[in-house]
Structures are given as structure tokens and as C-alpha cells.
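Single chain ahead, by itself, as C-alpha cells, in the form predicted on its own.
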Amino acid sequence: MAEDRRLVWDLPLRVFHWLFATSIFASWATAKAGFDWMQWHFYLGYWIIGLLVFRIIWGFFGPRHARFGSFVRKPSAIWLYMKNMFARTGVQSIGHNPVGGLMVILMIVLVAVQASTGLFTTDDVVWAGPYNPAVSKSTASWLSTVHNVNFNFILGAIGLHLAAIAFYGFVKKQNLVLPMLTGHKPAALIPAHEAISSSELLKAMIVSAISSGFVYWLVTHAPPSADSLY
């Protein structure tokens, strides 16, 4: 029943979360699939940049639990939480707990590095990022190395994330997946003043338009390749 649960995670945030996860997997798959899929790999890169821009803006202007200010904690608060994290009992966090909030920031940074370096990469054979002509060959090679190595860190972060979900589910008996699907948590755990009243969909549409506009501007203002000058 509706009165037994309260809204914590807004719909735009939930859609972002699952699109973000799916897009990272699709990027990996298209990178491994070979030359025929590289154009889709680049498209996914642009898409992910748009998702990142959306999440960063939403982190300042979205509903309370989507905002960075609600879950980015001081190191002392993170350490205090970590000292008690492995206790079987404990008060459930309403939004992201301090360590979960740290993981959000880490994933944003890692994927931002991945997407931005991808703009400059080249395989020295067929494919090159749209901004590859803007840097020297040595710089492009270095950025390509960062792009390849950084994905290992992303995989590590994903592994930690999945391990944390399993730990909270099996040890602490806290289901972190279901609320990210439905947006709701039990009313018994969420004070009325901590719940959000709506998903602010109109605001999300505006932020989506801004994010899409930025990606369009980014791609259309890429420098021309050497081949296109002739």
C-alpha cells in the first residue's frame, strides 16, 4: 500500500542509474567486438557523456537525495561509518550512505576520464576520436593508453559495487536493488520529512535538453580531420 512506503529515489535518477550501467556494459562489448562495432562504441561514448552531464547537473538541482550535498561526506564521517559498516545491525541510511556516496563520485570520475580520453584516442589504423586531430601523436598515444588502463579501474569499481550490494543484502539484510527500481523504501524506515514529494520530471526534461545540447555542441565543434581538409 502507498502509505506503507515513501519515495526516496526520483525516477530520473533511477533511469540514469540503469542506463549508465547498461551503457558501460555496451561500451565494453562494442570495444571487444572489433572494427565493425567501433562506430557504435563512439556513439555510446557520446551518449555516456550526456548521461554524465545530466548526473552532474542533477546532483545540484535534483531532489534532495540525488544531490551531492546529501551524500558527499567529510573524511571523518566516512571513516566513522566504515568502522561500524560490518556490524550486522545498524541504522539504515535514507539515501546513499557515506561509503556509497564515495562510490558515486568515484564512478563519475572514472567514467568521465574514460569518456573524455576516448575523444582523443586512435588505433592508428582506421578509427580515431573526434578530437584526435587537436593533439599530437604522442599525446594521443598517451591518452589511448589511459583510456585502456582506466577501464580496468572501472571494472574494479563495478566489482566493489556488486560486492557491496551482496554484502548489504545477505549480511545486513538491506535490499539496495529494489528501491533503485521502485524508488520507494518502507515508511517505517523513512521519516515523512525525509521523503521526496515528486520526481520533478519537468526539471529533468530541461536538464536532459541541456545535456543533449552540450553533447551536440561538443561533437559538432570537433576539429576537422586531416583527410577532410583535402
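The first residue of the shown sequence is 1; numbering continues from there. Nothing here was measured: the structure is a model prediction, and the numbers come from that model.
One more form of this protein should be noted, the form predicted in complex with a small molecule, which is absent from this view; the next part is about it.
Enquirer: I'd like to check something about residue 187: if you look in the predicted complex, is any of its heavy atoms closer than or equal to 4.5 Å to a heavy atom of the small molecule?
Expert: No, residue 187 sits far enough from the small molecule in the predicted complex that none of its heavy atoms falls within 4.5 Å.
Enquirer: Quick one: is residue 13 in contact with the small molecule in the predicted complex, heavy atoms, 4.5 Å cut-off?
Expert: Yes, residue 13 is a contact residue.
Enquirer: So, in the predicted complex, is residue 207 in contact with the small molecule at a 4.5 angstroms heavy atom limit?
Expert: Outside the cut-off, so no.
Enquirer: Residue-level question: is residue 161 within 4.5 Å of the small molecule in the predicted complex, judged on heavy atoms?
Expert: So residue 161 counts as contacting the small molecule.
Enquirer: Residues 112, 215 and 218 are flagged as a possible site; in the predicted complex, is every one of them within 4.5 Å of the small molecule by some non-hydrogen atom?
Expert: So, no: the whole triplet misses the small molecule.
Enquirer: Could you tell me which of 136-144, 73-81, 103-111, 117-125 sits within 4.5 Å of the small molecule in the predicted complex, going by non-hydrogen atoms?
Expert: Of the options, only 103-111 has residues within 4.5 Å of the partner.
Enquirer: Tell me, out of 177, 201, 171, 33, which residue has a non-hydrogen atom within 4.5 angstroms of the small molecule in the predicted complex.
Expert: Contact residue from the list: 177.
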